[in-house]
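Single chain ahead, by itself, as structure tokens, in the form predicted alone.
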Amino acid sequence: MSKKFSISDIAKELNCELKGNNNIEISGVGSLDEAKEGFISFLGNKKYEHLVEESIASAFIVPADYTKEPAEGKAFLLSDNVDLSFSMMIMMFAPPAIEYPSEIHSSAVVAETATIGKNVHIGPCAIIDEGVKIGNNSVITAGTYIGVNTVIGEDCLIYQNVTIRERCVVGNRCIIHSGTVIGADGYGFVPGPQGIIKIPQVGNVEIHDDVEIGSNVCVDRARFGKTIIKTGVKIDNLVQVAHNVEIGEFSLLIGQSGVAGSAKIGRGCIIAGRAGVNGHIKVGDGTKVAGTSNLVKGCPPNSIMVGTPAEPQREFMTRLTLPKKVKKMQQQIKDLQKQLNDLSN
């Protein structure tokens, strides 16, 4: 049976002000150009206001300062945080979360020396190696490998085909998505007379609480010591975190970004898509590195770094607009020369 909610109940649930028709029943959610009649959509950016007028959705979550009136028969929900409100709206219609039974599947391989907490799920073909410790209520799904002496905290969710190698530590309430590898060897080699010599990578990876790591991410073990992902960090798909890197609390690493060895990323930083951070540099708290930028040297807190090589946003914009300014000045000089020639004649 499909879910339906009255727009009045939704307004109360989302703590939004209701404007317009208060008798609408909402049966689904959708984007402005895909929502159907009876659906609710949202306006996250005012440059798409025209799509609100064109959309056949019955209701819209809009910014609290939105001054337009809803069309006849439709409704607006005025929100202080549109993205958050719409995310809550989606959850109201989301299917129920998968419930994993508290059991070890018959095809899983669990070493006798492993310590398994209460209410733990270990799925088909998972391998739990010697000396592993898994905390209460954690879920290890099908095909995942947990290496020797690795520790997994409580309430973790490790999706299919994840590899967490030896001696790594994962905190509580962490989520790691499919295909990710934690604790592979860092990229350490030295050219020598007999070829390229591998440098042993004998450290580990330490992941603190409430971290979420996307699919196909590589977090390499330290050459010695630790590669550290601190509390609340969220890492997108296809991200590379090299050996001995430290990622500060609540930082965001977006898809295809990469952090080279021994770099230290501060608290609350954003490394945007396909951006790169050079090795052995320190990135100050709250710094934002724009997408596709290449940060080659450290920067102070709250910097906004843009371009390749990355530079402060103000400097980048000055350099970017300089050719236009020079061209304009050239034209002004030509005009002045013409005026001088006219006066001399």
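What you see is a predicted model; the values in this text were computed from it and never measured. From 1 onward, residues are counted along the sequence shown. Here the rigid core means the biggest group of C-alpha atoms that line up within 1.5 Å when the two forms are laid on top of each other.
Omitted from view is the form predicted in complex with a further copy of the same chain, to which the following refers.
a further copy of the same chain in the predicted complex comes within 4.5 Å of no heavy atom belonging to Asn119. With a 4.5 Å cutoff on heavy atoms, Arg165 counts as touching a further copy of the same chain in the predicted complex. Of the heavy atoms in Thr308, some are within 4.5 Å of a further copy of the same chain in the predicted complex. Among heavy atoms of Leu253, some come within 4.5 Å of a further copy of the same chain in the predicted complex.
Comparing 49-57, 297-305, 64-72, 272-280 against a further copy of the same chain in the predicted complex, the single stretch with non-hydrogen atoms within 4.5 angstroms of it is 272-280. Residue Ile127 is the only one of Ile127, Ala114, Val151, Ile104 with a heavy atom lying within 4.5 Å of a further copy of the same chain in the predicted complex. Along 223-251, residues Arg223, Phe224, Gly232, Lys234, Ile235, Asp236, Asn237, Leu238, Val239, Gln240, Glu246, Phe250 each place a heavy atom within 4.5 Å of a further copy of the same chain in the predicted complex. When two forms of a protein are overlaid on their rigid core, residues whose CA moves 2 Å or more are considered shifted, and Val306 is not one of them between this form and the one not shown. For Ser31, a C-alpha deviation of 2 angstroms or more is recorded between this form and the one not shown after rigid-core alignment. When two forms of a protein are overlaid on their rigid core, residues whose CA moves 2 Å or more are considered shifted, and Thr287 is not one of them between this form and the one not shown.
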